[in-house]
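A lone chain, given as structure tokens: the form predicted on its own.
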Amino acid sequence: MKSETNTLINIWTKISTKKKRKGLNSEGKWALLMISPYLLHFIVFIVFTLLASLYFSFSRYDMLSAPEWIGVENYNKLINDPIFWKSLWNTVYFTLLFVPTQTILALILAVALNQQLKGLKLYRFAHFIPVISSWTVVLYVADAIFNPRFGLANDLLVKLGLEPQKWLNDEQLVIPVLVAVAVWKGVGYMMVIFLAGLQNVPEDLYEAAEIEGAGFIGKFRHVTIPLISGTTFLVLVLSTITTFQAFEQIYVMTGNSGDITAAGGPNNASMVLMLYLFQQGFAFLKMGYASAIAWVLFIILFIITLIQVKIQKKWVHYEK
């Protein structure tokens, strides 16, 4: 009798397990059905496009005839292309000026706007307006400031007894001017990210620091900076990727009435990788060469992000 009972228990256990597995499989099928639109989009527009771009980078392709396989010729041409190296240096120079400047300003603004001030929402909105403005609108504002003939910047220099500048028409000043405008437009977005990080810092830690005698600087250094280090890391990664992909601003501010071949001046002083890629692909129909630039850009960004992830273990603090 006992053995028959054990047998019945074993059979019931197997049936229950089988039912559970069947239920899980059914849930899996429903989940797969629900995410199938995204999967289809990902396969067609991301995976297929990446593979096509990789193939084109080893081909001669003008979008009017079938691609012709040429091996690594496009990459060899890149190594000997002085404009490519200039655009790479301009991109790095732009990034080195932009990322620290925007990160520090965004943090200062976020700390200031994290205080209990009257009209706080209005201040936050005012700083976010440039973020939601198009580059065309920003161009008009930048032109009113940096136009060599009637800009406010030259008026101020003349009043201070200094020589007026050519700004965007000056090879030495064009990148700093572009960085200044880019920081003005994007700092509000990063400020919002820092604000979210600041509001997650527990108030009792500030109170404990005050009991220990810490002032504003001490609390900022020993409480705020460590506890928002994860947010700072996010801002640095996003800013770096955004800067290496900068295109629209430079195309709008240095192009001549939408002429893509005129953008990047003067004398290619503001030519960056994305702009050079776009010129080669869509102005000169050298899609294979443009694809090679795109893959070099991808590899550079991938390596920089890996380095940032590796280094962040030494200075980013996560709550356990």
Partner chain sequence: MVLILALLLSACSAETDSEEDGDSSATEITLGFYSSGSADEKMKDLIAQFEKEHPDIKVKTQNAPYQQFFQKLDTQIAGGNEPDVWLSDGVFVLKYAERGAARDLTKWIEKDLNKDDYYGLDFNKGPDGKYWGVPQGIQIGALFYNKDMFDAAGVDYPDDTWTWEDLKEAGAKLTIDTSGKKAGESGFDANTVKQYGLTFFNITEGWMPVLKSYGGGVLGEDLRKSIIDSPENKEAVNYIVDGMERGIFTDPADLQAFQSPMSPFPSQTAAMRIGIYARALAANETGVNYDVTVLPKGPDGKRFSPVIANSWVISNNTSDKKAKAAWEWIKYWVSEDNVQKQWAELGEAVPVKKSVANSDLFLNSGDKPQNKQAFLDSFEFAGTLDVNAVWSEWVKQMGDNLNRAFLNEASVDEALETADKEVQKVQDEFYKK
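Under this definition, the rigid core comprises the largest set of C-alpha atoms superposing within 1.5 Å between the forms. Since the model is a prediction, treat every value here as computed from it, not as a measurement. Positions refer to the first chain, counted from 1.
The same protein also has a form predicted together with its partner chain, omitted here; what follows describes it.
Of the candidate stretches 105 to 113, 211 to 219, 162 to 170, 230 to 238, only 162 to 170 has residues with heavy atoms within 4.5 Å of its partner chain in the model of the complex.
In the model of the complex, Ser59 stays away from its partner chain, with no heavy atom inside 4.5 Å. When its partner chain is considered in the model of the complex, Leu54 lies well away from it, no heavy atom lying within 4.5 Å. In the model of the complex, no heavy atom of Trp295 sits within 4.5 Å of its partner chain. Mapping the unseen interface onto this chain, Glu27 falls outside it, with no heavy atom inside 4.5 Å of its partner chain in the model of the complex. By the 4.5 Å heavy atom rule, the three marked residues Val72, Thr305 and Val309 all fail to count as contacting its partner chain in the model of the complex. In the model of the complex, the residues of 131 to 165 lying within 4.5 Å of its partner chain by at least one heavy atom are, in order, Tyr140, Asp143, Asn147, Pro148, Arg149, Phe150. For Asn267, a C-alpha deviation below 2 angstroms is recorded between this form and the one not shown after rigid-core alignment.
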